[in-house]
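Take a look at this one chain, the form predicted alone, written out in structure tokens.
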Amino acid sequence: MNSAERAGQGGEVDVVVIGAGFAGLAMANRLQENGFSMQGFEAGGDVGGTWYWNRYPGARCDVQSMEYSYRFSEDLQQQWEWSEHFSPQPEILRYAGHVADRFDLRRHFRFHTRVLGARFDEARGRWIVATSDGAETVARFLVTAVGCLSASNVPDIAGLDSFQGLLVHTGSWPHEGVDLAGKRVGVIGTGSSGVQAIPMIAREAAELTVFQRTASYCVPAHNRPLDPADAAKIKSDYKAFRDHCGKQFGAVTGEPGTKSALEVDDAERKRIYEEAWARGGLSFQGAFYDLSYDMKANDTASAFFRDKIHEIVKDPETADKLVPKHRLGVKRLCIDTGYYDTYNRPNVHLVDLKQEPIERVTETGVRAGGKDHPLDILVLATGYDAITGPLLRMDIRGRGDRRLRDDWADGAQSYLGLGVAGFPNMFIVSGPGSPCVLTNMIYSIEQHVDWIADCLVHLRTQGLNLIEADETAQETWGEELNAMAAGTLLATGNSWYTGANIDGKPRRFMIHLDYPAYVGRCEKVAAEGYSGFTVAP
């Protein structure tokens, strides 16, 4: 019986990995390459993480396919063929399954098994991990690969439990699908998931009522079949393409603009914005270099969107409701396929909850602004308790039985987004304080996984058993993050970037804003013998 099999019965391994999404799979691959025993746990029935759960109509990645994939195997890069410019959920899930099969990774995970909690036993120097099947697994190291957007946010709406129709959340869409044909459907939420789902639902439903809490900035994806010639060109020197991505903000292709939005005249500014709109995708925010820093520059982008929305949406009143009231960039930019045009359909109705707030969900629908909206299906596209939520839904306890949720009661603190003071031998992939959600996630995940794996090899080689973030280094890192965010507009909005979408969650901007510089910092820390960490035998 190998160590993983013993762990399945409550035994001991070198590393426990929580999650079998892209982070967990990459971590499992590096651990097996370096001869570490491990046990992985996954609440879902298979690999894939967010792409296992998010099966709603229109679910699609907003990073280009040739960038949204692993770098660790050149053969894998060369042999896998993407079909579309922006990959749809089913194809990404197939890719995750292919990787798991190709590198024999499923054997390391117990599926349909949720981690309830983990506590650090100081006397033994081990993590004790409790799971939903009643077992306890002992490990020297704990790696949380639970994702940033995996804890669904179900808002506290009066009467929600009384609804007699079908109630679904985009983050846990039924795997068998939902029959929308001829149904009266309501969607609450117009963030990224809602923006992707609404056009698709509108095509099938008899009537669609969208309950908009906050209007989003949406840029067309201009999705299309992936040109084999374009793919071949990238594959001819995939490493150079990847290296170029890694030097860009967010680790995605696209050079940021070199001009200020304020240094050109109105005609030139409009021309540049129109070109960015025609290109589509996330690069729109880089049309001018100062859109994230200068309010007056940002105002020009807001004006462009206002005019563009009124150009697309035929009803002026509906168009007014769809114009965002916040600044571009303080919330996630949404990449859409026909979103604004959907509101020209006769079967689509928009309810602005700022003007007509939801009073309650009834047995037969939603009552908002004194009006009843009868529904057969109610879709919650209400997002996630982002970044910290997936971690705090587990009972994680470090030295002296200190609870992570208590340490983070006033806001998440970490060092590099990788470690937390008081929680020895625990690593977080894409944790708060890292670039995480403002990057191409697979690219930045691999950077974290490689750093963690190299650290574990270093500890083993040097005969060391413990690594823990220093309190001082953690405090200094938090101050650096705050100073970085203070120089931008990103931290000024009420967004899930700051935890504002969750009632009672402390407001703190949790994201590092310079991916290339962040990588250099991590490399420097490692080269200095893991400076900012206490490393001991």
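All residue numbers are counted from 1 along the displayed sequence. Here the structure is a predicted model, which is why all the values come from computation and not from measurement.
Omitted from view is the form predicted in complex with a small molecule, to which the following refers.
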Consider residue 62 of the chain shown here, and say whether it contacts the small molecule in the model of the complex, taking contact as heavy atoms within 4.5 Å. yes
Any of the heavy atoms of residue 383 lying within 4.5 Å of the small molecule in the model of the complex? yes
Answer for residue 77 alone: is it within 4.5 Å of the small molecule in the model of the complex, judged on heavy atom distances? no
Verify the contact flag for residue 88: yes if a non-hydrogen atom of it lies within 4.5 Å of a non-hydrogen atom of the small molecule in the model of the complex, no if not. no
Three residues, 330, 430 and 477; all within 4.5 Å of the small molecule in the model of the complex via heavy atoms? no
Within 4.5 Å of the small molecule in the model of the complex, heavy atoms considered, which of 186, 147, 419, 194? 194
Note which of 393, 242, 213, 126 lies within 4.5 Å of the small molecule in the model of the complex, where distance is taken over heavy atoms; exactly one does. 213
When the small molecule is placed as it is in the model of the complex, which of 410-418, 255-263, 331-339, 226-234 ends up with heavy atoms within 4.5 Å of it? 331-339
